[in-house]
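What follows is a single chain, given as structure tokens, in the form predicted on its own.
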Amino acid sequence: MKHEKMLMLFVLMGLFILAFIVLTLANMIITQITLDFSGLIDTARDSTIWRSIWLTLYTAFLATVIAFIFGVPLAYVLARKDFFGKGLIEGIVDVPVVVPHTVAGIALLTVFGTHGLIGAPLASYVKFVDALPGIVVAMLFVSTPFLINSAREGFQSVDPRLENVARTLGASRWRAFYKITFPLAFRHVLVGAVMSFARAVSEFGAVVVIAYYPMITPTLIYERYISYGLSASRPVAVLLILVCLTIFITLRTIAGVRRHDRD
């Protein structure tokens, strides 16, 4: 009986935060549809808006791929090994989450800018300021912790004895990793990748400092808001929300199906 009361209390508390999220998003969408549906249709027909959305999704995807390639190995090491300075490394991984993103953008500019630590030597080959690579590095900086932390939790959930058994049966460490550990931790890695991608899509502060152009959708929404007001920026925001909802519901569904198949 007490357990049921506690569960009911938790459900009510959970509904409160869900209502907060749904109310905020639904109110904007419903307001746009009821007050200016033609504006939403015009926005959906605007090729400039779609180019901005595709640029946002494309650069977020590139940032997620880079985070996956370099972040998953680090997550595995953090999950499997104890060593001096491990806490420091874990803290460094989490820093992008707590640093104000305008500060992150300025820091990235000092590294990847025209006269930056990396930007200057590569100036003849790669341009970061107001260019696609600048957007990618800004998204990568703020989104990487989500993938690393989720993947680390996944690897920690896999019993190391399974790897040891595989090794005793003749499998190399690499084969034990990609045949046993990675598949068992895959859902955590996938969820981390989805969250990393989502964080990259939503990034504004760091991107606007290092690469205002070409405009990703958050920057475009900001520019329309300060230039023309809410009526001009809201339909773009609604369209981006609808696109993101479609993508992330699909990805979450895929993750859920894979988990069901594995179980």
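Throughout, we count residues from 1 along the sequence that is shown. Just so we're on the same page, rigid core means the largest C-alpha set that superposes within 1.5 Å between forms. No experiment lies behind these values; they were computed from the predicted model shown.
The protein also exists as the form predicted in complex with a further copy of the same chain; that form is not presented, and the subsequent description refers to it.
Heavy atom within 4.5 Å of a further copy of the same chain in the model of the complex - residue from 62, 40, 208, 53
Here the answer is residue option 208.
Check all three, 21, 98 and 221, heavy atom within 4.5 Å of a further copy of the same chain in the model of the complex:
Result yes, every residue of the spot touches a further copy of the same chain.
Using heavy atoms and a 4.5 Å limit, would one call residue 28 a contact residue for a further copy of the same chain in the model of the complex?
Residue 28: contacts a further copy of the same chain in the model of the complex.
So, residue 109 and a further copy of the same chain: in the model of the complex, are they within 4.5 Å at any heavy atom pair?
The answer is yes: residue 109 has a heavy atom within 4.5 Å of a further copy of the same chain.
Any chance residue 190 has a heavy atom within 4.5 Å of a further copy of the same chain in the model of the complex?
Residue-level check for residue 190: no, no contact with a further copy of the same chain.
Answer yes if any heavy atom of residue 84 is within 4.5 Å of a heavy atom of a further copy of the same chain in the model of the complex; otherwise answer no.
No, residue 84 stays farther than 4.5 Å from a further copy of the same chain in the model of the complex.
Can you name the residues of 70-87 that have a heavy atom within 4.5 Å of a further copy of the same chain in the model of the complex?
Contacts from 70-87: 70, 71, 73, 74, 76, 77, 81.
With both forms fit on the core, is the shift of the CA atom of residue 23 between the shown form and the other one 2 Å or larger?
No; residue 23 is a residue whose C-alpha shifts by less than 2 Å between the shown form and the other one when the cores are overlaid.
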